[in-house]
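Two forms, one chain: they're shown below as structure tokens, one block per form, named structure 1 and structure 2.
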Structure 1
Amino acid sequence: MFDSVLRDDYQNILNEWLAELQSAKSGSDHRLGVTELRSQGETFLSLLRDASKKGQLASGQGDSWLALQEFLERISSSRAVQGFTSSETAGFVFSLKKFLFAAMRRTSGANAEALAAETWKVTELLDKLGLLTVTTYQKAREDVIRRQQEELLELSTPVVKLWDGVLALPMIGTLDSARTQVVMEALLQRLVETESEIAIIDITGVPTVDTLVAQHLLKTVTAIRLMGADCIISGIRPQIAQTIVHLGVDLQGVTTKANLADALSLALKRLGLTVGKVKQ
């Protein structure tokens, strides 16, 4: 029954479904245009009909079934980027049930048993396809969030050139393993590009320093030294100094300063430079 309905009543189902999709679309919603929405509806129903004609819906195998899956995965990923919710994405598939069931009722006549069996089969099929859209949507959203987190990490670790031969990296927020890696890569790359001799890591904006944070700082200092440059850590507040002592973290050999100004002054001195007021 389902196969014959898709074959014989295809155009009526498509027209009714597209009308429903368009009416459900808010006029102020510009995420998806009417033309694109119609195109997606026509493509989905056409692929569904092709897979049904080849008997691939029950087996879940074959070229037509694969094309149907790939299409749903593609539009689910795009809707995740466009800002749709998972329920809105799955609703694209689930909204077709109403019109398929209506067409099947018209075809079945008085055969209630056959109608019930076909209705259950179609329900399972569309639920399976709807679940596929949700799964793909979630993966796409996770990818978007991961990329945004990586971009935020890069933005939160700007390497600033304070002077010829002097770079500064102001740290703000928690320093974890992932961020330490980003910090080292960005800082080492800038050291090579600018041929700088001294790097200042300012931790004024780091709220707390524990053993793990201190270890990450030491790793960064070691990497800088391996590049042939020197490193100064600034922003050592009294509370942080007490914490480091209490934790027994060995910062011996690492130059530290209370603030960025003192660190820059020391860096210039190491470069043989002095800064003073111009005499009037």
Structure 2
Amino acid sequence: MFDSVLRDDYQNILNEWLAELQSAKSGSDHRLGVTELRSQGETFLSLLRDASKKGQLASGQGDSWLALQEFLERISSSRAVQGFTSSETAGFVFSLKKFLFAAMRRTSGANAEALAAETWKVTELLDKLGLLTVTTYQKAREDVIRRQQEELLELSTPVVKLWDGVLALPMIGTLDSARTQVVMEALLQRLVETESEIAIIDITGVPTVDTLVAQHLLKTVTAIRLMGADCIISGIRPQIAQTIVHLGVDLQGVTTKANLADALSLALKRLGLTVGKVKQ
């Protein structure tokens, strides 16, 4: 019955549904234009009809079913970015129920039993499609969150240029291994981009270092050397020096300096530069 309703009563369902979608949309809502909303409604219903024609709704397989799925995924992820809530997004699909049921009632006449059975089937189908929009919506939101997390990670430790050929990475706060990894990769990348020969990792602002982080530091120093640049670690606090020794992390062969100034002066020396007072 559902298939025949979609085929024969298509235009009525579409018009009623679009009218409802349009009236439910408040005038002050600028996230989605009326034309776009209408065209999304038309596309969704026509894709639903195509899939029903080919009998792909029941099986949940086939090209038209996939097209329907893809369309829903596309509009839900765009709605997630536009700032719709997940219930607003799913509501788009659920709001169609009312008009499908009305159309089915018109055709079924007195056959209540057939109507009930068919209604159940359609409810299941639309619930499934509605849930699909929620899943996609969530995925899109998670993507946004992850991207922001990554941006935050990179922002939290900027690689700065101290001199031509000298980069510094002033690390502040607790280091976990994910953060260490991200900033180290950023440092290596900047070394290549700026063709800097010396990198200074300053850990003055780091309260503690665990084995994993110490190993990351060590690996970074080794990777920097492999690329043909030099690395100096500065600002190791006494407690951290103790931890490093107790942990048995071998920092031999790594140049360390008490503070950033000493590290910079060593870097300049290596580049053959000197800093002196201007004679008056």
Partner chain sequence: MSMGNVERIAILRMGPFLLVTIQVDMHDQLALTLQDDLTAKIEKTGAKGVLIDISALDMVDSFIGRMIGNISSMSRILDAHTVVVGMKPAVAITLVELGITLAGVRTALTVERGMNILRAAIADQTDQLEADDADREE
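Rigid core here is just the name for the largest C-alpha set that superposes within 1.5 Å across the two forms. For numbering, take structure 1's sequence and count from 1. What you see is a predicted model, and the numbers here were worked out from it, not measured in a lab.
Both panels show the same chain in isolation, but it is structure 1 that comes from the form predicted alone. With the core held fixed, residue 170 shows a CA shift of 2 Å or greater between the two structures. Relative to the superposed core, residue 95 undergoes a C-alpha shift smaller than 2 Å between the two structures. Core-superposed comparison between the two structures: the CA of residue 12 stays below a 2 Å shift. Aligning the rigid core leaves the CA of residue 201 displaced by 7.4 Å between the two structures.
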